[in-house]
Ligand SMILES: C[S@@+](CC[C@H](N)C(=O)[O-])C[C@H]1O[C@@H](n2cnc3c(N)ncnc32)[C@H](O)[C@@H]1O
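Given as C-alpha cells, the chain that follows is alone and in the form predicted alone.
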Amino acid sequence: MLELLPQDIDAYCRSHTSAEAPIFKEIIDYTNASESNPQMLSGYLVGAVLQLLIRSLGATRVVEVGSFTGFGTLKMAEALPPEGEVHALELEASRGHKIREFARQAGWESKVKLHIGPALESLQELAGPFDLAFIDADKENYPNYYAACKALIRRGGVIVIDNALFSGDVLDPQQPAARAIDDTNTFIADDSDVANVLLPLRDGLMIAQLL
C-alpha cells in the first residue's frame, strides 16, 4: 500500500484522535496473526471518521459491504445508538463467526446483523432506507456496489468508499481493480445526485452525500 503520509505524521494524527476501546486491539492482533493480507483492515483513522459520520448523521441504520474481520463493523456498531443496526455483508462464513464472537465480547451483538454470501445478492435482499453505507470489498464490483448502496441510502445519507486511491494505481489504472475504482471515483465526481470529497486518508477515502 502506498504510504500517503510519513509515519511520524500518521502517528501524530493517531495520538490526537479519540482513544478506542480495547476490543479493537484484539481485532488487530487477531487479523495480523490469522489473515494473509492483514492490511485489508480498515484502520484506526478510517474507523474514527466512520464513527464521526454516524454520530453527525444521527444514524441508526448502516450497511457495510465487506466486513473482513470486523474492525469497521464494530467501529460503526460502537457509534450507533442502542437500537441501531449495522448490516454487515461478508462473503466468508468463518469470518462472520469471528465477527459475532467479537461483537458478543464487546457487548454490541444486538447491533450487528450479519449477511453471509455474495454482497450483491445480499444488497438485493435489504430494504432501505439506510443512513450510511461503507464499501470495502472486492474492487472490481465497486461500481455495482455504489449503485446498489445509492438505491438504499436516504437523502442526506452518506456513502463511504475505502481504498479509493488503491495505492496510487488510480493515476494510471492498468489492472481491472484499479480501473473499476477509477471508474467509480469518476462516476461519483460527475454524479449530480451527490456532493463528494475524495480524501487522501490511508489508501483513499471517498465520501459522497446524497442531496
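None of these values were measured; they are calculated from a predicted model. Residue indices: 1-based, along the sequence shown.
Omitted here: the form predicted together with this ligand. The next part is about that form.
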Checking Ala59, Ala180, Ile153, Met40 against this ligand in the predicted bound form, the residue with a non-hydrogen atom inside 4.5 angstroms turns out to be Met40
Option from 124-132, 77-85, 137-145, 101-109 whose residues, in the predicted bound form, bring a heavy atom within 4.5 Å of this ligand = 137-145
Check whether Gly66 has any heavy atom within 4.5 Å of a heavy atom of this ligand in the predicted bound form, and answer yes or no.
-> yes
Give, in sequence order, every residue of 101-132 that has a heavy atom within 4.5 Å of this ligand in the predicted bound form, or say none if there are no such residues.
-> Gly117, Pro118, Ala119
